[in-house]
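So this first bit is one chain, no partners, the form predicted on its own, shown in structure tokens.
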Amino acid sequence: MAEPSSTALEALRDQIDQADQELLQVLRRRLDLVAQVGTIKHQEGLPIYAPKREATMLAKRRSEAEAMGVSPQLIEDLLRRMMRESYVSEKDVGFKRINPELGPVVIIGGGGKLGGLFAHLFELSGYEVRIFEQQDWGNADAILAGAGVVLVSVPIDVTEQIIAQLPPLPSDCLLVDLTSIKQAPLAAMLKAHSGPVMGLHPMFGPDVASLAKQVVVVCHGRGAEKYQWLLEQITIWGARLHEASATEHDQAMQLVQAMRHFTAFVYGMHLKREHADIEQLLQFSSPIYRLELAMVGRLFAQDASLYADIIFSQPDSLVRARHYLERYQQALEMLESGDKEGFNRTFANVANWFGDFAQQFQHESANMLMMANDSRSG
């Protein structure tokens, strides 16, 4: 078959441009419909994220795409990207106020990024929000007067101190913290306040555009029946709740957060000490290594004190780090002795421990790698 002439090629490109414009019009129509959905959800107090509806819709679109000779994964990727934008649009409409009789929501540290995010969410839900910062202690009684919720969102290393400084709160006021460790802050809140107490840990950063599909860990303290409304409110915002004891939470965070951040810190320190040329590394990087390098770089683009608090505040961080060092030393001994058989045995043993999760993670990471590769600028 002859190669198309430049005239024929330009004609086809014109048709592609026209198809793209039609796609834009369909997308605009979809966003308008989503805005209407958001309005109804706001009025009826429905969560912005409906997992069953999403799963059913994606399954239907995949089936329809396959029947049309279109890649099911392509349509799912497109729809997921559009849904992510839709969740942001729905959020901007606002949310139903679950507890209309609630007094003011006082956010200690509301001028910070995470505190500011929650202040915005409460305001979108129609609550009165008061921001309490370090310079406001002289006026604490007035700011806290009649408070329905006091939410503590301050650095980990001063959380217990701030809680201990609080003046007596209204007996029905809910005292909540947002720190990434839970045992010590929860104990401090139970000691400082006789009313309802709850620990929350948002498993996301303050830069999220929407809480849809995000996880918030709930550690119960006292008077659960008096704060069920807030759990419902958070669900309406789109988040998924995961309940755990403070001890279970902190043990998990040692591995999920503290050790991962510490490992990334060490790897970044190693790259610096080896005088690595990051630009050159990127040129030689496969999508997976680029993503790993990006995650390390992401750590160093943020506030050092935040990660220092997370790592140093975990009670068993040192023990976990020493265990990690021991396993690294064991692996290093295999390398030094050229023990490939030992490496393979250990690899198989760990793979067997991962079980079906290994295949699940391979599938999930494949999708992330495709997106990472698509976003490459060079």
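Start at 1 with the first residue shown and count on from there. Please read all numbers here as calculations on a predicted model, not as lab measurements.
Another form, the form predicted in complex with another copy of the chain, is not on view; read the next lines as being about it.
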Heavy atoms within 4.5 Å of another copy of the chain in the model of the complex: does W137 have any? no
Using the partner position in the model of the complex, report whether E274 sits within 4.5 Å of another copy of the chain, counting heavy atoms only. yes
Contact of H193 with another copy of the chain in the model of the complex (heavy atom, 4.5 Å): no
Can you tell me whether Q183 touches another copy of the chain? I mean in the model of the complex, with a 4.5 angstroms heavy atom cut-off. no
Select from the listed residues V296, I98, I162, L114 the one whose heavy atoms reach within 4.5 Å of another copy of the chain in the model of the complex. V296
Within 4.5 Å of another copy of the chain in the model of the complex, heavy atoms considered, which of G223, P104, G94, G268? G268
Based on heavy atom distances of at most 4.5 Å to another copy of the chain in the model of the complex, which listed stretch, 122-130, 163-171, 301-309, 225-233, is the contact stretch? 301-309
Sequence order please: the residues of 252-271 with a heavy atom within 4.5 Å of another copy of the chain in the model of the complex. A252, M253, L255, V256, Q257, M259, R260, H261, F262, T263, F265, V266, Y267, G268, M269, H270, L271
